[in-house]
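Have a look below at one chain only, the form predicted on its own, in structure tokens format.
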């Protein structure tokens, strides 16, 4: 994936190891990557007018604001970038609610090159 301007991505996950792994995957695809620890942080960033990303990857389960609520709020704020959800949860109802919140894609953890490539190619 090459372009004149590097695309930017935001990883939102309360697990530091997951943030590191996901950052590495996105770097592999040429993204400039920022990270946050919780859904409330990304919502606050966009509400303050400071969020401008080409891609957001968010976990479903986080302690203050989960990915479902954060995604709903981001979409209600007019955020139009691709949002990918990741989760280790196997509850179909929760996963459906996450998709209905406004995700473009949802994957079981762990995210890997193949999963990420499939949705990056699928604009």
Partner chain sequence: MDIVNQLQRQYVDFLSSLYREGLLDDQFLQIQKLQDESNPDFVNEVVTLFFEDSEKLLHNLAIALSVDQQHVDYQKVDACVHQFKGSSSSIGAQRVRNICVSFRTCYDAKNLEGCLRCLQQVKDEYYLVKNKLQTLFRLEQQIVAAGGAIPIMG
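Positions refer to the first chain, counted from 1. Just so it is clear, the model here is predicted, and its values are computed rather than measured.
FYI, the form predicted together with the partner chain isn't displayed, but the following is about it.
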Seminar exercise, completed: Within 4.5 Å of the partner chain in the predicted complex, heavy atom basis, the matching stretch of 69 to 77, 39 to 47, 94 to 102, 25 to 33 is 25 to 33
Problem set entry | Contact of residue 21 with the partner chain in the predicted complex (heavy atom, 4.5 Å) | yes
For this session: Mark residue 111 yes when one of its heavy atoms lies within 4.5 Å of a heavy atom of the partner chain in the predicted complex, and no otherwise.
Result: yes
